[in-house]
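This document opens with one chain alone, in structure tokens, the form predicted alone.
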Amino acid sequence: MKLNVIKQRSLWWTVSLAIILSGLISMVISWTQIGSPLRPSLDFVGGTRLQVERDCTNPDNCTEPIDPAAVREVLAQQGLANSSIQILGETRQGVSIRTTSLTPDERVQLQSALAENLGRLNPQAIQIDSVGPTLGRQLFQSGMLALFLSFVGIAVYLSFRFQLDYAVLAIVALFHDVLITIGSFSILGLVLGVEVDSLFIVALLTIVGFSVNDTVVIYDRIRETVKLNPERHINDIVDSAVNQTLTRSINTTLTVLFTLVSIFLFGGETLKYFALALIIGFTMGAYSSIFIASSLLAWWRERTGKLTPVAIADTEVIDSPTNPNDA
């Protein structure tokens, strides 16, 4: 398979812009509905989350799915009308309720009211989480700071290893990956009520660290080709570099995705959306390295009149092999 990335770059850019725009529209809608571009979990906003399930060992207890209106009525009676409700499970016999911070007595009172209206609850399935608003803000601020510093560190590293425009365009590709991941979860938050927690920040940091790897490999190959064939046009060099590293990029990404899909399917609720964020981010990372970072570099060099990149004479030539089959 041989790709002609440069010739079709308008197509790749249009696809990326359409996906990013969809995510941005979703974030605007989410902001108007819940006051946040993503649906934040308890980790960030603080409060109490109570998750209960009916006890289905008694068949008469689970003949009908839980009615959200009935749950809402119970919450209104307890003075918690503004709480969020999510019905859980294929048979819809569980419910997750997020409220303001509750005292132990208030939690017991809410459980009793739910059991009285919904039927007997399974005591083994009751889960209660509570996070203060101050801790939630600190988690969010620390996560954003870590994300910012990771971008700065990568930009500085790539500037020294390659050139400034290489670093800037690699950061653009990373923003592309992060924006699409965030936009996807904004859509999931609106459609399925998926919340983002502190693990989502960890997923974004992992995506930033992983996605730049393929870009560095392609940039290395471009630099090597420039040194060996400085007379070649930048478009030809970029196309050649992408195709020489294409097999490596696909194989590396697929290997990781196999593991992540397994975690998504069998890793349980806690890791399910963490794995999904990585699946989206890593897939977009491979895509952006091949179609976005490389094509932007060729476009930028054409625009600035630098049709062949400036070889860094004093820099070590490359870490990767010359033979395309080894790429």
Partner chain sequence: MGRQRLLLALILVLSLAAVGAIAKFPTRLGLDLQGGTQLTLQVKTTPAVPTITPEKLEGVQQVVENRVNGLGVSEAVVQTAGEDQLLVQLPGVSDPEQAERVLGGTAQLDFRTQRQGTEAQLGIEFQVRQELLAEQERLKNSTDQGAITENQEALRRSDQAIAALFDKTELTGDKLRTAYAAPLSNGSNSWQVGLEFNDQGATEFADLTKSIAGTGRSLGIFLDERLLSAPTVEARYAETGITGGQASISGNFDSQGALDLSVQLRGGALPVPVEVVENRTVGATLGRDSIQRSIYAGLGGLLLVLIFMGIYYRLPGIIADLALVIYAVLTFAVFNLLGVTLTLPGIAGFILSIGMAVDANVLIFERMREELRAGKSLYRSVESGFYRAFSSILDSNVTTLIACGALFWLGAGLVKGFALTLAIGVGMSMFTAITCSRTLLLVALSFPGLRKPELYCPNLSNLTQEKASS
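What we label the rigid core is the largest C-alpha set whose atoms superpose within 1.5 Å from one form to the other. Positions refer to the first chain, counted from 1. Since the structure is predicted, the reported quantities are computational estimates derived from the model, not experimental observations.
Just so you know, the form predicted together with the partner chain exists too; it's not on screen, but the next bit is about it.
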item	value
Ile154, Ile234, Leu121, Val71 - the one with a heavy atom within 4.5 Å of the partner chain in the predicted complex	Ile154
Proximity to the partner chain in the predicted complex, single hit among Ile263, Met27, Ile280, Cys62 (heavy atom within 4.5 Å)	Ile263
All of Arg161, Phe210 and Glu224 with a heavy atom within 4.5 Å of the partner chain in the predicted complex	yes
Which of 62-70, 296-304, 268-276, 29-37 lines the interface with the partner chain in the predicted complex (heavy atom within 4.5 Å)	268-276
Exercise: Ser150 in contact with the partner chain in the predicted complex, heavy atom 4.5 Å	yes
4.5 Å heavy atom contact, Thr255 to the partner chain in the predicted complex	yes
The partner chain contact in the predicted complex: Gln111, any heavy atom under 4.5 Å	yes
Partner proximity in the predicted complex: Asp165 to the partner chain, non-hydrogen atom cutoff 4.5 Å	no
In the predicted complex: members of 80-116 within 4.5 Å of the partner chain, any heavy atom	Pro104, Asp105, Arg107, Val108, Gln109, Gln111, Glu116
Large Cα shift (2 Å or above) at Ala173 between the shown form and the other one, core-fitted	no
Threshold 2 Å Cα movement between the shown form and the other one at Pro123, rigid core reference	yes
C-alpha of Glu224 moved at least 2 Å between the shown form and the other one on rigid core	no
